[in-house]
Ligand SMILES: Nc1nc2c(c(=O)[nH]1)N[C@H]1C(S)=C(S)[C@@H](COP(=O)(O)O)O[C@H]1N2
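One chain is shown next in structure tokens, namely the form predicted alone.
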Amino acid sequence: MQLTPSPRRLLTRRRLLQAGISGTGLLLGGCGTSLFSRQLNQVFEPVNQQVEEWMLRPQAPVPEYAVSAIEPDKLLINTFDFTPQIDPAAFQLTIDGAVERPQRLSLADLQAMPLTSMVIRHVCVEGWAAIVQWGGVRLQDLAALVQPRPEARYVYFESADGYYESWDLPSVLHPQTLMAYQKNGEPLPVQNGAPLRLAAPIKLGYKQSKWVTSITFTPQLMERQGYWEDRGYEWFAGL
């Protein structure tokens, strides 16, 4: 059954943003950084993370939209550096780090796993949004395959274009966090991250890496936290 997104949940986050408790990255703006923005982020980010981790309900699904609500022309294409051309037949996803059973999976391997499809709102930090249908493999299912060790708390994502991201483990294990290979019921286009990208209704767009080639479970955050986070954006970036 398709549900209408809860105004209460969105209003709560909006009030926090307006109060300055969360979303330091939204306040910094632009793609550059400065000494002031780095200092501001160092002050507020620990508070941001604690508040947003408290707000996240790791196993509670976010209400989804009906297929008729999809907005095919509203998903803008933001390119980090260049658009990599990856041969789907040769593609391999590496999953390693603090896990018991490291894996290298082909696109066919991923497509053989249970397919999860969801229609959600993709929200960009730049102020635009689009309702999109994503289809792929739940990261929860991939985690079950590799069996993270007890000390694993964070997950790093590396992309073929050099982009990099890190997430907290509860967000990774959320049932609507996908490694997507479909968009709006069709194979994922290259410009949207084919053959594989992150998709989730619980994070801002810059957390949802495209062209993902490796996933690494780690016990702690490293100094290199994320492309935009290392330039002053908020790390948790929850919705």
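We number the residues from 1 along the sequence you see. Small disclaimer: the values here were computed from a predicted structure and weren't measured.
The protein also exists as the form predicted together with this ligand; that form is not presented, and the subsequent description refers to it.
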Which of these residues, Leu145, Cys124, Leu115, Ala108, gets a heavy atom within 4.5 Å of this ligand in the model of the complex? Cys124
The chain here is shown without this ligand. Which stretch in 156-164, 86-94, 135-143, 99-107 comes within 4.5 angstroms of it in the model of the complex, by heavy atom distance? 156-164
Just checking whether Ala129 would be counted as a contact of this ligand in the model of the complex - the rule being heavy atoms within 4.5 angstroms. no
Check whether Ser209 has any heavy atom within 4.5 Å of a heavy atom of this ligand in the model of the complex, and answer yes or no. yes
At 4.5 Å between heavy atoms, is Leu75 in contact with this ligand in the model of the complex? yes
Given that the partner is absent here, does Gln176 sit within 4.5 Å of this ligand in the model of the complex, heavy atoms only? no
For the three residues Lys203, Thr216 and Trp235, which mark the spot I'm curious about, does each lie within 4.5 Å of this ligand in the model of the complex through at least one heavy atom? no
Considering only 217-239, what residues come within 4.5 Å of this ligand in the model of the complex, judged by heavy atoms? Trp228
